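Heads up, the chain below is alone and in the form predicted alone; it's given as structure tokens.
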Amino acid sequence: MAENLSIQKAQSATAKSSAGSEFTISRRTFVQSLGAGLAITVTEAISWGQRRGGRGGAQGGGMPVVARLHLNEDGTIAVMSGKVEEGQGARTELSQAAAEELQVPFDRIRIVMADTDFVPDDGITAGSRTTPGNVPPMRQAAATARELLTRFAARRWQVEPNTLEVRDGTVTNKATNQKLTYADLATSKEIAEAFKQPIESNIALTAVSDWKVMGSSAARMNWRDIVTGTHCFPSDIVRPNMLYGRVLRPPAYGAVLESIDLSAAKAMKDVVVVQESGFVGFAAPTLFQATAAMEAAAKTASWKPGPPSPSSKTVHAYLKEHARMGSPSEKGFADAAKTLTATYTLAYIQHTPMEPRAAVAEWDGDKLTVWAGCDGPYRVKGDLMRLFDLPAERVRAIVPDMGGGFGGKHNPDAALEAARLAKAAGKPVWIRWTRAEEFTWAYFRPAAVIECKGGLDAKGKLVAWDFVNINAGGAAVDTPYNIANKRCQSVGSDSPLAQGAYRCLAATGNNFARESFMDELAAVAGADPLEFRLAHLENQRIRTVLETAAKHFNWSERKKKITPELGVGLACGTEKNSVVAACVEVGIDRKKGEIRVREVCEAFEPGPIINPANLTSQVQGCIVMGLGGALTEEIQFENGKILNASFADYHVPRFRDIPKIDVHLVNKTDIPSAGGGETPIIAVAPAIGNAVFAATGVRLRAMPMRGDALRQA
């Protein structure tokens, strides 16, 4: 297992040295890291990565095998990916994909990721797209390489390729027992030339039923470095003669700098001060010095206040007032025997990754290299090219495996700041946002107002549906239920805070509102929540996970034991071409106004499962993260200022908040694999709200759901 870390260590371990060892690996260093092999392959791979610089779309356009794959004389294979490892398991999964199609053991793969001098542009790591969007191209590249190697052996032995067998990195002539290993072929010039051919997009891939590496649990490739603390995250990068940077931030949203006196900061020893338009930054040999310079300058700054804006207490009324809405739908409601309306709201929340934004920038003449915590290395590169008007070959972006993102690190803010300071200082500059900066200036998951209306016929069947999300977006806005008359839409508004992507986008909020409202309708119809859903579900995949979760939770029996202090609830949904259902049990203390989640039983189906252990961890992580958004997380703000910009005041789930978690994976093998890092979060909040309603009769329609409403009821 330790040998698997050679590439990662080549890209990160030497960064800790301040004695002059070179972190920016050269082509020679790269070849040495891989071992002897096809040097032409490395050259071509680098050329391809630079040629694609910042344009994206490297999955197509005739990408050669050489851009994805490199053979080594020791029998290992290096593969290249532009994806980022931010804790979701992409490094391991992509390695499994390559190993499967090359027919080699998993531990022979060496993967190079997220370095624009060596890897193709695979787009940002977001939207659960690595599994459906990047695993297939990796498999195609490996399968093409395997086919080319098999054809080469067949020509050498003058036999038909279909008479040969590939197993454990060895091509065998079954008739004569002649053998050629991948290592034997590593220095072949003919193979080098063959690898310049385009990857065959229509090449036959290993059937799911024949998977040997994929479909089985594999440990994270660099797990030892992670658990021993030797892995270099973006925050850990150290360069010779490096300075530490700080950036002056406005006192509130919308504030504009009118004047500032930088003389005191400039007078400080070894401090570099940069003022470019609205950007004011400081760099110094220590973080303490840089902070002192920033604070001295901040005392002299004069700011023009931004326009008036709502507070967190009034934001939902503001969003509705500024919504760009059309007329409500009345289709089907005239014939309904009963109608019900409800409004749900979502607060702004932060992503709170373990590692805040961080970057190191270094100029070598007119060549810029940046190590950054951002989920798109080519996005970093492109933004730097535009900021400094540089051609692609003069910019290199590297993203070491980083400490979380959850959709919150699409923008390379810290990288741009570090590069500005490094250019002025003539030395490398390190920047890591403080936790308060991360809470305040990173974008938020959007707040929302979601308006629901449903109509039931005389038999309790749902016949009309109107569902409108204001501000949060359209992910999973459509209902999976079979309803004759329905309108589902997302409309924009004017957000007072910066907002952007968050784990599963708007699907969490839309599913919260829809699944909560389905329970409300079930109550009006006098139906069991499970049976009410099944009666309106034609989607067999959702039915399967719903029935699986209910079975393992023992829904029918536990529902009979509901009391005012103990409730059970369920919810289901679909997004990212995967399906999920959850059952929960909550304990309620009405006197204290407390909701305690005791158990979550969740069933999840993403198609064929590539790595069961990793997928289970992803589902568990989604459940824990979902607890925070459901019950405690909320950004509080007033007059353009964030009021709870610390973990002391912003409550993410702690160990004491974690319930019993029971995960059941459903392996559906007749469809393509989907990602598992997002969808499992969407069923958590509505299942909790439905359990509270079952116990108390009180419907909590706001995320986070506050127990205070139960105490007041």
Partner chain sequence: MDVTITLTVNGVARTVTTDPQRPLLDVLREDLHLTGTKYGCGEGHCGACTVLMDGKPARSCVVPVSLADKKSIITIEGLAKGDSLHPVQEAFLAEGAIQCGYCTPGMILSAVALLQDKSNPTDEEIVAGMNGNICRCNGYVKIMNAVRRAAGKVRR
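This structure is a prediction, so every number in the text was calculated from the model and none was measured. Positions refer to the first chain, counted from 1.
Another form exists, predicted together with its partner chain; not displayed. Remarks below refer to it.
Looking at Thr76, Thr92, Ser128, Ser235, which is the one with a non-hydrogen atom within 4.5 Å of its partner chain in the predicted bound form? Residue within 4.5 Å of the partner: Ser235.
Just one of Pro480, Gly87, Gly587, Pro250 has a heavy atom within 4.5 angstroms of its partner chain in the predicted bound form, so which one? None of the others qualify; the residue that does is Gly87.
Given the stretches 147-155, 238-246, 571-579, 314-322, which is the single one in contact with its partner chain in the predicted bound form, using a heavy atom cutoff of 4.5 Å? This holds for exactly one stretch, 238-246.
So, Pro496 and its partner chain: in the predicted bound form, are they within 4.5 Å at any heavy atom pair? The answer is no: Pro496 has no heavy atom within 4.5 Å of its partner chain.
Can Arg435 be called a contact residue for its partner chain in the predicted bound form at 4.5 Å between heavy atoms? Yes, Arg435 sits close enough to its partner chain in the predicted bound form that at least one of its heavy atoms falls within 4.5 Å.
Is Arg108 close to its partner chain in the predicted bound form, meaning a heavy atom pair under 4.5 Å apart or at it? Contact check for Arg108: no, nothing within 4.5 Å of its partner chain in the predicted bound form.
Is Glu355 a contact residue for its partner chain in the predicted bound form, using a 4.5 Å heavy atom cut-off? Looking in the predicted bound form, residue contacts with its partner chain include Glu355, since a heavy atom lies within 4.5 Å.
Residues in 202-240 close to its partner chain in the predicted bound form, defined by a heavy atom within 4.5 Å, in order: Arg220, Trp223, Arg224, Ile226, Val227, Thr228, Gly229, His231, Phe233, Ser235, Asp236, Val238 sit within 4.5 Å of the partner.
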